[in-house]
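Encoded as C-alpha cells, the following chain is the form predicted alone, with no partner shown.
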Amino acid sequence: MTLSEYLKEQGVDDALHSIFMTLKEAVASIAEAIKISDKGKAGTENIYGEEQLALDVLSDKILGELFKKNEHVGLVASEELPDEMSVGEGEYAACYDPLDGSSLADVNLAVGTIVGIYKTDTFVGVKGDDQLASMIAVYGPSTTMILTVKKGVVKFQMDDKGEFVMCKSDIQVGEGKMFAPGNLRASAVREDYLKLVNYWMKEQYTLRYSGGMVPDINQILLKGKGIFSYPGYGDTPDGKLRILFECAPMSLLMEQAGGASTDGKVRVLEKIVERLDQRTPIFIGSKEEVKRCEEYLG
C-alpha cells in the first residue's frame, strides 16, 4: 500500500492528503541532498545561537519552499527561523525541525525530520493534543517515514522510484529493557537522575543512544520497547528540546503507538505552547518506563 492509498483508506481529507504528498516530496529531496551535499558548517547561527550546518539550511529551504506551493498550508514554523510565517490562505499549519541530529551527518549516522500538523493561525496557545497528524522521517540505510493521522502509527519506506510503500502497520510500544539516556551530564549534579541511570544499568538494560532524537525514538517505536530521557538541570531546568518542533510531534506518535510521554509531572501533549522556542524535559517510551521516570525524577 502506498502512502496515498493509506491516507485515502483512513478517510483523510483532500487538504491533509495534499500536505502529506508535499512531505513525501520534501523527504525524498532531503534524502538526496544528504547524499551529495556539503556536510560542513554554514557559517551562520539559528535564533537559539546554535551553529547551523549547510544541511540544516538546505533542508529548511526545501521544506519551506514546498509548503509555500501548497494552497492548503497557511502557516509554517521552523526550528531554523526566528518566527512563525504566513505562507498563504490555507487553514493548515506545519511546524518542523528540518534536520534533527544534523551534527551526526558528517560521521554518517542516521538523521531525521520532525513535523507536526495543526489547524491554527498561530502556534502560540496550541497544545500537542491539538495536532491533527505528525511524522518523522529517518535518513539512514533506507529512507523511511513513520506517521500518525491519529489512527495508530505506520511506517513507510521509500523505494527506488521515490514512492513510499507501507512496510509496517499498527506499530505498538510495549515493555522491555532498552534505554536512550540523553543529557547524561545532568547526572553529575542530579542525584535522582544518577540513581535512575544506575537502575537501568544494574537491571541490564540495553543501551541504544545515538545522540539524535529521531533515530532513538524511531528505534523505540520499531523495537516496540524502551525509554528516551532528557531531563533539565542547572541553567537549563527545562532541558534543550522544544515542545513545538520536537517533543509534541514525537509524543503524539508515541501515544498513538500505545506508549507515553511526560515532562516528569504532566503529559507533554497537555503543555500549552507559550512561545515558539519553549523547551521541556521529556521522558518518552514504554508506559511503565515513563512512570518510573516520573517516580525517580518528577
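No experiment lies behind these values; they were computed from the predicted model shown. We number the residues from 1 along the sequence you see.
What follows is about the form predicted in complex with a small molecule, which we do not show.
Taking 267, 240, 61, 68 one by one, only a single residue has any non-hydrogen atom within 4.5 Å of the small molecule in the model of the complex, and it is 240. Between the options 77, 153, 145, 213, the residue in contact with the small molecule in the model of the complex by a heavy atom within 4.5 angstroms is 213. Put simply, residue 209 is close to the small molecule in the model of the complex: some heavy atom of it is within 4.5 Å. Not displayed here, the small molecule is kept clear of residue 195 by more than 4.5 Å at the level of heavy atoms in the model of the complex.
Under a 4.5 angstroms non-hydrogen atom cutoff, the small molecule in the model of the complex has residue 230 among its neighbouring residues. Taking the partner from the other structure, the small molecule in the model of the complex has no heavy atom within 4.5 Å of any heavy atom of residue 263. Here the chain stands alone, but in the model of the complex its contact with the small molecule, taken as any heavy atom within 4.5 Å, falls in 100-108 among 100-108, 219-227, 131-139, 187-195.
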